[in-house]
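Before any questions on binding or motion, here is one chain by itself as structure tokens, the form predicted on its own.
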């Protein structure tokens, strides 16, 4: 089966565009009301054709079942300030009626052996095409700033080692993952003070503009 990749990926690009707008708007709604937003920033991407083909080969996925068996063609990453914010975002997603959660994996309470921490949600999302509505699968990863920094570095190293890290690198990754989590724990302990400071800063910034 030959795949017309431009036509195949167009709905996924539209889904990522729409989801980014929706989650960024959700963040702004908190800020507009003068409240702490559990969302710090949102990014998204659609897998490249080469990345999809590589995963098809590695996971033995046939073209006929890509849409159901490859859950991360459309990917959204929501980054938060605090660990508690992650679970607030999870609840907000569950409450929405424009997407349906079909799978969840909590790698924060159950970190991967590498030290990786994040909360993964797989959702069913509908985009509207000229020929009618189409349901797609998309993956949402929710993590703190510290977790995101660690994961970004780990991903960069993975390009070099293809997952086969030398022992010393693996140990350093586990150690730094734990350090990042401890940072999150310490920041959570002073969360109220941080949020109060942010409110004062925002209020003063507004006065300066006026």
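C-alpha atoms forming the largest set that superposes within 1.5 Å between two forms make up the rigid core. Residue numbers count along the first chain shown, from 1. Treat the numbers as computed from the prediction; the structure is a model and nothing was measured.
Form predicted in complex with another copy of the chain: not shown, discussed below.
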Check your understanding: Would another copy of the chain be touched by all three of 145, 176 and 179 in the model of the complex, meaning a heavy atom each within 4.5 Å?
Key -> yes
Exercise for review: Would you please decide whether residue 98 lies within 4.5 angstroms of another copy of the chain in the model of the complex, comparing each non-hydrogen atom pair?
Suggested key: yes
Review point. Using heavy atoms and a 4.5 Å limit, would one call residue 45 a contact residue for another copy of the chain in the model of the complex?
Key: yes
Check your understanding: If you check in the model of the complex, is residue 77 within 4.5 Å of another copy of the chain, heavy atoms only?
Key -> yes
Check your understanding: Is residue 56 close to another copy of the chain in the model of the complex, meaning a heavy atom pair under 4.5 Å apart or at it?
Key -> no
Practice item. Counting only non-hydrogen atoms and a 4.5 Å cut-off, give the residues of 108 to 142 close to another copy of the chain in the model of the complex. Key: 128, 129, 130, 131, 141
Check your understanding: Cα of residue 25 displaced 2 Å or more between the shown form and the other one, core superposed?
Key -> no
